[in-house]
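Only one chain comes next, encoded as structure tokens, the form predicted alone.
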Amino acid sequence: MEQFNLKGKVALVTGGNGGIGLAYATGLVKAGAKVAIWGRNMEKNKDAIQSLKDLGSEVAAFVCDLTDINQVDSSFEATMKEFGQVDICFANAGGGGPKGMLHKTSDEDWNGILNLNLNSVVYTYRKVIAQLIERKAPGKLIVTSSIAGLIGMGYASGYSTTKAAVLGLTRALAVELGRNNIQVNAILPGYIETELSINTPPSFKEAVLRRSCSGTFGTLDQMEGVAVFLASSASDFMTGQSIILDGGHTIHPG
């Protein structure tokens, strides 16, 4: 369908060199978009770019620590030099943060997860928004939140807090940018099987399956379609919203 065609569009995906971010990038490339990946690991960036090039679109990767505002600035400049524009931004980079009770969490660990999961989104969005408004161009901003931002996760208060915070940011920016024809939305994954899933304790996996209406885990290929939808004109009348992809985890009573 033509409304899902992303030819002529440039998408930026932070944390796009693996896992959910690479799944987003894969879907975007399949839909015809040019894609810029920002990631901290140069080797992972190279591998991701090779896999995306095999799909036939123009792609590039830039080494960037999203918690460093100077690196965000320089990576954005490099992206603009490479592609000339950014129409779509997936603020996907993030992490789990400190584990344990809040009163035992150090200031360093707390500020670290705020920088990684919240401030990095703000740093990236500010650059993208400024050039969209300067170009008077329509745009799409999408952040990866989590169902933890809705239901909470004990002993992971930093993760839950930051994933809830980006939902507030999503709604605020939807109001702020709506008349500029810039849509702002969020994706809230549940448990998605990635290359890191092997390290998840079996007890946690079992608990997830008990709560899931589908009785299954999510897979990376299931992230591609929602990425294309939110990046395309098919979602032009949708803003300030959250799409939950959790197999029914958040509605299951058990």
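One rule holds for the numbers: they count along the sequence shown, beginning at 1. Note that the coordinates shown come from a computational prediction; the quantities given were computed from them, not determined experimentally.
There is another form of this protein, the form predicted in complex with a small molecule, and it is not shown here; the text below is about that form.
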Original post:
Heavy atom to heavy atom, is residue 30 within 4.5 Å of the small molecule in the predicted complex?
Top reply: no
Interface membership of residue 139, the small molecule in the predicted complex, 4.5 Å heavy atom rule: no
With the cut-off set at 4.5 Å between non-hydrogen atoms, does residue 221 touch the small molecule in the predicted complex?
-> no
**Message:** Residue-level question: is residue 146 within 4.5 Å of the small molecule in the predicted complex, judged on heavy atoms?
**Reply:** yes
Which of 74 to 82, 122 to 130, 90 to 98, 167 to 175 lies within 4.5 Å of the small molecule in the predicted complex, heavy atoms considered? The stretch 90 to 98
